[in-house]
Each structure stands twice: as structure tokens, then as C-alpha cells.
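Below you will find one chain, with nothing else, as C-alpha cells; this is the form predicted on its own, and questions on how it binds or moves follow later.
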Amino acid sequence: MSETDEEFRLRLRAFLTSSHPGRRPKDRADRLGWQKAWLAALFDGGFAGPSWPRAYGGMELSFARQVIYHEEYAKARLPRPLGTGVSIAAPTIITYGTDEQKDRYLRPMLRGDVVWAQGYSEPDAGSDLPALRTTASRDGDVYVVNGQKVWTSAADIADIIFTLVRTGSVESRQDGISYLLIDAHAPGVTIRPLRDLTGDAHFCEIFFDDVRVPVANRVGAENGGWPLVRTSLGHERAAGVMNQAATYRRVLDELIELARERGLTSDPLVRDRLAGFEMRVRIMRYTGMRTIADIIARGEPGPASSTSRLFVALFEQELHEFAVDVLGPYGVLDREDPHAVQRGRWVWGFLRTRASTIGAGTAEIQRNTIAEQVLGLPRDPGMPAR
């Protein structure tokens, strides 16, 4: 007799509970080792990559079980995959990579043995990707890469950077872009963390100085990287939307409890705001389910992923702004203050989510994508020509 969805939920929950790695270490190096050990245990236990093909170590779950997986994983408060490879690079390699690239990269990525970072944004070409200027010049069987990337998450712990480089002329725009996998430890690669207003360093800038990259590390055709970009960006914007919905279900419950502790839940204005967040969490869950269904049906999330990205970005900013209001005078105390409520988590979240409407494409870019590719409206005249 085949396993029912409920039996799968219980089996998954039992594994996540019995294998839970415990509290996150404070030391940065210890924390990285702790995360890698967990990801290896998850992979070895057969519970990694709910949407990945079985051929690359994934679970290839049905729609219903992917929803169950993300809900149980978020409830268990477990570490997420390191870097951005699993959610963004992997779908691109599965779609466009050679068999050798799939065999070489996918399983170590999913197991957490190799950490990946995305090298897209540049100082003068953040949201206008076709304006990127990092060059890759062909020299026999290698490319020589020169340029700079910025706002790269997890680059300081990365082993591979999946990168967009210009192999054609600047004037060729998206027709002169290629997709390269660059060894983050190669000679000529310099990575510098960027500290943000939370006091942490979530992003890095990367400098490439005559970095030699084998041609075999190019995914897709030379100058044919733009279709891969669209695949990557679609998955980036859809990444984790189901997991985010489950996570924010828990976070909202904790915010309601905080309002209750502070004696505010009888205030009709507070109740109205909490009810609004409740509706939006439920919408987020249904949107996540729709995204998973689209990926299963078409292999890609499509332009509607911009809707999910914009919805979550605005939601998490407004939720943390409200949480700081609930804290009252304690809303000015950060993690370093011994009197901070819940060790300053809400204030930290407020500061951290200021970047939500910039990362993974600005809110303006998402709105343009929704207008043009979902609603079929005319192109924004203020945007540069493609």
C-alpha cells in the first residue's frame, strides 16, 4: 500500500525532529559548519530537494507533498540551504547545462558540500542587467574575466559564483552576455563583505582581475546567456515563496502573542492591522501553491513570480514596521541592548527588511514585469531599450 500524504507528513516530521541540529551557534565559523552538517544529514536521509529530480539526489515530490514539506520544514525552524545555488542556479543548470555539468555540480550543491553565490549585479548595472560591463575574453580553452560585481549574498562563504559576463560588445546588450561558473577561490578573485545597517554583512562585492575560467564552465552558448538569465530570475523571485508563507505564518503568530503580552489586542486599530496581516499570510500561502503548480506544469515559474516577490517584500517590511510600533519605546533598542525585547529580533527584522524592495530586482522592476508580461501593458518609456 502506498504512503498517504498524512503518513508522509508524519514521517518527515519525525525525521526533522529526531535529526534537528539544535540551537544555532553564535560563532560564524561554527555556524557554517553546523549548517553544512545539517544539509549533509538532510541529503543523506533522503529529505533534500523536494522539487529536484531524483536523478540529482532530490525527492521529486508531487504538488501536495511539496506544500507539506515546506510547511513542516518552516515549523521545525531548521537551517535553509546555504547560498543561492539550490534555488536559482540549479534550475538553470538542470534546464541548460550539459550532462557533465549536471553530474559534477548538482549533488554537491544540494548536499551543502559546495556553496554557490550569484554574481549578477554590478555598480552601474544593478537592475539594468543588459548594461553589465564585466568582460570575459576568449583565450584558447579559457575565458579571461575582468570586472566587478556587488550586492552578492553569501559570496564570502561561496565556492562557486554563477556569473553573467559580457562576451560581446557593450552595444549588443543582452545578445552579448554569457553565463559562467567561476571558482570563487581562483587566483584573481577578491571578495569583500559589505556591512549593512543591521551591523551584519549580508552582501559582498567581488573583483575579477584576469581570472581564467575554463570554457567548459560556460552554461549555454557563448553570447546566449540571456534566456538563462530569465530562468534564473524567475526562480529567484519564486524562490522559497512557499517556505516564506509557512515561516511568516509562525512569525505572525509570534507577533500576535507579542501584542497580547503588551496588552494591545483589545485595541481595535491593532486588531485591524493583525487581521490584515492574517489575510495576507493566507494569500501568500495560496500564491506559493500556485507558484509550485506553475513550476510543475511548465518547468518555470513564469513572469507571475514577480507578483510573489513584490507581495512578500512589501508584506515583510510592513509587518516589521508594525512590530516596532507594538514595542513602543522598546522599539529603539537593538540586539546589543540588554533591555531589548526578545533579544532585539523585531528591530533587527525592521532594519533587515529595508532592503527587501531592492534585492532580487527592485520593486519598480517587479511592477514593470507585472505590467508588461502579466497584464500586457505597453513598455515603460523610462526604461532603456533592450
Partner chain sequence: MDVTGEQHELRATVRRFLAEKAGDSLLWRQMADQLGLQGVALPEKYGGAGAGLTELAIVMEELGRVLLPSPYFATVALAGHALAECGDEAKSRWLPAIVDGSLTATVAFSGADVRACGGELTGTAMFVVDGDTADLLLVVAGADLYAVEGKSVRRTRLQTLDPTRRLGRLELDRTPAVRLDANVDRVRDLAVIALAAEQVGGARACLDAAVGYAKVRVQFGRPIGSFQAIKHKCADLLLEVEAARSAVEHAAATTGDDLPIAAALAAAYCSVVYTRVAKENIQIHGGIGYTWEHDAHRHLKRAKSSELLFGTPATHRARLADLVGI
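Nothing here was measured: the structure is a model prediction, and the numbers come from that model. Positions refer to the first chain, counted from 1.
One more form of this protein exists, namely the form predicted in complex with its partner chain; it is left out here, but the text below deals with it.
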item: Its partner chain in the predicted complex reached by all of Thr190, Val215 and Ala221, non-hydrogen atom within 4.5 Å; value: no
item: Option from 170-178, 112-120, 260-268, 143-151 whose residues, in the predicted complex, bring a heavy atom within 4.5 Å of its partner chain; value: 260-268
item: Contact test in the predicted complex: Arg367 vs its partner chain, heavy atoms, 4.5 Å; value: yes
item: Its partner chain contact in the predicted complex: Ala275, any heavy atom under 4.5 Å; value: yes
item: Any non-hydrogen atom of Leu10 within 4.5 angstroms of its partner chain in the predicted complex; value: no
item: Touches its partner chain in the predicted complex: Pro378 (any heavy atom, 4.5 Å); value: yes
item: In the predicted complex, the one of Trp226, Tyr96, Phe311, Tyr248 near its partner chain [non-hydrogen atom within 4.5 angstroms]; value: Phe311
item: One residue of Gln101, Thr134, Thr287, Thr198 in contact with its partner chain, assessed in the predicted complex (non-hydrogen atom, 4.5 angstroms); value: Thr287
item: Residues from 279-297 in contact with its partner chain (non-hydrogen atom within 4.5 Å) in the predicted complex; value: Met279, Arg280, Arg282, Ile283, Tyr286, Thr287, Met289, Arg290, Ala293, Ala297
